[in-house]
Structures are given as structure tokens and as C-alpha cells.
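Only one chain is given next, in C-alpha cells, and it is the form predicted alone.
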């Protein structure tokens, strides 16, 4: 049953990806100035030269013909050439993936490891001092813009105290670096963009979801029945309540999947982290349409994959859910 459900969902992603690709190409086509202005540039004055360049790049063809030609190249793994860097767009995207994974995966894992136990504790001790502190802290970090957190962290820990590096993902010019030295140096560079800018935002939002879901589950009839049977409070909480309370949390984690490759644009721009987020920002400001379309398609694909993983995880957490 589960295999059939996964197969059907994968088949459903095909028309969705086609629709997303069409909308992406349409937005780039309707952008101010148009594709022709970017490809040709303002230096070409003669109309004959403009016509020749448009014919060379196929910009004189109707919209639907250009779309299907572009889609055919994408299906072959050709996302076009970056207009700014004069390199294949797909190669540039692949090069940035390892840096983004080093930034986002540790941030998400630490956030999950902190938010779930703190959220459960906050729900079990509702309106206690610990619950109030967790609630105030969560609301504070959720409502604070991430760029402000990053700037304040740089001013305090990098400029003021000098504990952490200001930007980048490694220190240039280390003398005789060992493996341990390189790991420590990378962790120091990871603290501000991964721990403060991304980690605090992820943790605060997830903590509120865990607390609310846990409180809702604790009010259910089967929890009272489990306690009436004489089960220990530990078994009731961790075997019955926690497992069911994680179902809404799985949805949130599924929506985080695009961030694993897309990263956080703000965190990467503030800290000059050479990842996917910074690449997307540079592509937008540079009107690098092939690179923008490549990053958009990748983010859309990861969103669909995240939703699929979340739906499949439901059946693993809750035996009442079956896909028929």
C-alpha cells in the first residue's frame, strides 16, 4: 500500500513540476527589461546587430517555442549558462550545495534536539517558570528579524569581543593546520550564521509547535484511559502522548527540506557564506535569469520531496494511518 501511494505521489509531481517550470519561465519572461535586454545589453546600438543576436539565441521565436526548447534542455540536465559568470548554471549550483549542507543540516539537527525536549517539558509544566521562560524566549526570537540577529551577533561576538570571525566559512592563511584545527575553525565560522541566525529561529518556531501539539494530545481520552489503567507516567508521556504529538511537527520538518539545499539567504548574505542562498541573491541582483530559474526549480523540487517525506512519515508514527 505504501509503495503504491509513493508511486502515485511521484506521478503527481510530474505535472506539478511542469506547472512550476512554466510559471518560472513566464516570470523571467515578464521581468522588467525582458530576456532580450539582458542577453543583448545596452551597448548594442545597431538594429541589425540586435536582430542577429536575438536570432542567434532564439529570442525572436514565440513564447511557447522558447519554453519547450528550454524545458527540453532542462530535462537533459542543461540549465543554461550563467550570464554573469559565463559558466554552466547547474555546475555553479552543484558547487554551492556542500557549503549549504554544512550550514543548514547541523542547524536543523540541533534545533530539533533542543526544541522537542524543551517543548515537551514546557507542555508538561504548563504555566510554570520554565514554561513562561520558554514561551517568552520563543516569541522573542520568532518575532526578531533574522538579519537583525545576525548583525547584533556580529557586533557583539566578532567586533566587540573578538570571539568569532566576522564572515566566511574558513580562516585564510592558517599556519600548519591540522584536522582538528580545521574542524574548530569551521565550527567557529558556523556559530553566527548557523547557530544564531538559523538555529534560534528554527528552535523557537518548532518549540511552539511541539508545546501546542503536546498540550492537545494530553487532553485526549486515550491518555486518561492509559493513566487509568495504571501505566506509569513515563510510559504515558513518551510512548502514547509524544508519538502522536509529533504528527504536526513532521509537517513542519517536511517544509524545512527546501532549506537544506536552499539554505537561508539572509544568513548566507550577512556572513558571506558561499552557499545556495547567497548564489540565489547574487543571481537576482545580477539579473542572471538562467541561474535564477535553476535555483527556483531546485527549491520547488525539494518542497515536493519534503511534502512526500512528511506524508510517508505519518504512517510510521501513527499506525492508524494507512494509505489505500
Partner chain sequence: MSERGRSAVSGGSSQWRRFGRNQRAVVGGLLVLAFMLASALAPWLTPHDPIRSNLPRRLEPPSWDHLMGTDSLGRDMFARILQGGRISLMIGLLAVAVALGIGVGLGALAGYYGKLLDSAIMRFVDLLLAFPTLYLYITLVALVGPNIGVLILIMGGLGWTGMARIVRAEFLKLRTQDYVEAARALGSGDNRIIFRHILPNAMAPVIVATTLGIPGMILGESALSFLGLGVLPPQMSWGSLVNDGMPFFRTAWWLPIFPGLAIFLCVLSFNFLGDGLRDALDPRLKS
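Numbering follows the first chain given and starts at 1. The structure presented is a predicted model; accordingly, all values stated were derived computationally and were not measured.
Another form, the form predicted together with its partner chain, is not on view; read the next lines as being about it.
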Would you please decide whether residue 177 lies within 4.5 angstroms of its partner chain in the predicted bound form, comparing each non-hydrogen atom pair?
-> no
Examine residue 225 and determine whether its closest non-hydrogen atom to its partner chain in the predicted bound form is within 4.5 angstroms.
-> no
Using heavy atoms and a 4.5 Å limit, would one call residue 231 a contact residue for its partner chain in the predicted bound form?
-> no
For residue 304, is any heavy atom within 4.5 Å of its partner chain in the predicted bound form, or not?
-> yes
Would you mind picking out the stretch of 158-166, 198-206, 232-240, 111-119 that comes within 4.5 angstroms of its partner chain in the predicted bound form, counting non-hydrogen atoms?
-> 158-166
Contacting member of 183, 94, 142, 105, with respect to its partner chain in the predicted bound form [4.5 Å, heavy atom] | 142
Every residue of 6, 11 and 190 near its partner chain in the predicted bound form, heavy atom within 4.5 Å | no
Just give me the residues of 294-313, first to last, that have a heavy atom within 4.5 Å of its partner chain in the predicted bound form.
-> 295, 296, 299, 300, 303, 304
